[in-house]
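Heads up, the chain below is alone and in the form predicted alone; it's given as structure tokens.
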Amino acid sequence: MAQRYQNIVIGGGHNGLTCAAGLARAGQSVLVLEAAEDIGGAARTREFAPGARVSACAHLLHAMPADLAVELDLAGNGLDYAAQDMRTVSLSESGETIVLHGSTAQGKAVSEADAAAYARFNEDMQRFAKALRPVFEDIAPELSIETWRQRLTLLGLGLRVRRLGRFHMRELLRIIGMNLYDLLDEYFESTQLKGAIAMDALLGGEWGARSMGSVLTYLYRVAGYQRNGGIGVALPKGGMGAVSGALVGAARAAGAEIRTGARVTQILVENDRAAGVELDSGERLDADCVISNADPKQTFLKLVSVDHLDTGFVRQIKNLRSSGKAAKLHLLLEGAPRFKGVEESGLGSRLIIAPGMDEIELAFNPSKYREYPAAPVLEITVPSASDSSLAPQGQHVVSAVVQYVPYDDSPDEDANRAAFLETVLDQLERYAPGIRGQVLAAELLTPRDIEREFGISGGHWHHVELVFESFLFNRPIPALAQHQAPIAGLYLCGAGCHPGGNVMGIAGRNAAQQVLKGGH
């Protein structure tokens, strides 16, 4: 007979582990099945050259709730930080850097007026994000007033906005659907400053600074800073795999069982209810509930037979925007990189190459047509500057997010990747002269590579684009906004759920709550 569990979680990424820990802490039996041999999904530390380790996909932590970290005792399970509250340094070819930290913007390229405007901008965005923060953390409200609970949820949302006062309430309602390009033009003169700020709203996404809704995604990031207990932008000691390792420890301490190298090929449905899963080995595992940490397309178009789903539902899932536009660059260098305007002591900062919002748009535009940008924008870290365990002595690793790389499944994929790697190195050379000659090993993971390595449809870090039509009570579609699928006993807990991507675990925690409540 097949082994039986109360809950089976498909996928050992951070949301799946958080969900498993929550269910196990409630006294339920839980089995986590991870297809890869290593746990963690995209939040994994991997060796890409002998002795050189990097966070494979996500490389910084900024949005995990402090109360979740305390609840699961992540520190007691081994999570520590090599760097916290990292400064953001905007690089320039001239060497005139801009340093952003808290409410201050400093540098020769920042005028007194822009410095004052940045403090005002930060105060405004903090105020708006605080009002919206519960929306970004709680289970998405239902657009219904059939019960008192639903009425109170929507009333609470309205009251939080109303408490901003007349002026700020109107201002939030004015800007929330805007594009960030227009909003930043209202505050600042410096093109370099505007480019650095804009990157926070755009990282990992399929949109540019002129895209509608980019103000909302900026507030989404600010809300992440507010909930993280003051760590700001942080680099976990040992890479992002340390976060996943701590979640594994928490889940196992609560009683969850975790299996790696166990690829699920089918979610079994019997009598219109999820009944368990089948592995690629042919093994069957039964469960009362199945919770998928896989993206919605993977879950409903590959693991569940469409015979169990309505045609309209399947059409909506197929049409979800899930084409990744962010690549990951890993370099092993001989010695420390020398960025213009940055002392070696400043290499532990978060470094940005985004000269301005127009340059961001010029990098974004080619990706719409599956073309590669000639001058990509990047978020760069040198993890070994803060954590020497990540690179051999005398060497350094560079980990960078490269924005607006198309999903390329053409026959020329390998040649295109190699050519674009040269483009990225050329861009780095402009800001860090001599870096090309320091490269001992290089790896570029395009969205197509990310899809293959981590099993994410389209290679999209957020599983589904963070846009209005797939946000809040529409994420990923209205029928799935409360984590429960149209099939009884089947739930979603991944980044494709509300509130979305980034390594934060909220979707996993909320999914566990829904399972424990029976989906209501």
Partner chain sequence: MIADTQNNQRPLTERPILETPFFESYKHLIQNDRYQEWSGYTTLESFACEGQEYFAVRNTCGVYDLCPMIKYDISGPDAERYMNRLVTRDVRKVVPKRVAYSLWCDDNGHVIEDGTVFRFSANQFRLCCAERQIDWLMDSAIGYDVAISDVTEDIAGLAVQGPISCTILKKMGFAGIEALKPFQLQHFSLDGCEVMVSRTGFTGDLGYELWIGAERAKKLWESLFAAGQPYGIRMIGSTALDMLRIEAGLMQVGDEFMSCLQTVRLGRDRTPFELGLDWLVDLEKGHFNGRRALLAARTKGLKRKLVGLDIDWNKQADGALIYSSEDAKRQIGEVTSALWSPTLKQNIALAFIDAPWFEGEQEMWAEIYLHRECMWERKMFRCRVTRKPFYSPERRTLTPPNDM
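Residue numbers count along the first chain shown, from 1. This structure is a prediction, so every number in the text was calculated from the model and none was measured.
Although it is not shown, the form predicted together with the partner chain is what the next lines describe.
*Among 450 to 458, 483 to 491, 50 to 58, 33 to 41, which stretch has residues with heavy atoms no more than 4.5 Å from the partner chain in the model of the complex?*
Stretch 483 to 491 is the one.
*Consider the chain as shown here, without its partner, and state which of Arg315, Arg120, Arg163, Arg170 has a heavy atom within 4.5 Å of the partner chain in the model of the complex.*
Of the listed residues, the single hit is Arg315.
*May I ask you to choose, among Ala115, Val306, Ile176, Leu425, the residue with a heavy atom within 4.5 Å of the partner chain in the model of the complex?*
Answer to the contact question: Val306.
*Would Gln393 count as touching the partner chain in the model of the complex under a 4.5 Å heavy atom rule?*
Gln393: no contact with the partner chain in the model of the complex.
_Taking the partner chain as it sits in the model of the complex, is Asp272 near enough to touch it, meaning that at least one heavy atom pair lies within 4.5 angstroms?_
So Asp272 counts as contacting the partner chain.
*May I ask you to check whether Asp310 falls inside a 4.5 Å heavy atom distance of the partner chain in the model of the complex?*
Output for Asp310 is yes: heavy atoms within 4.5 Å of the partner chain.
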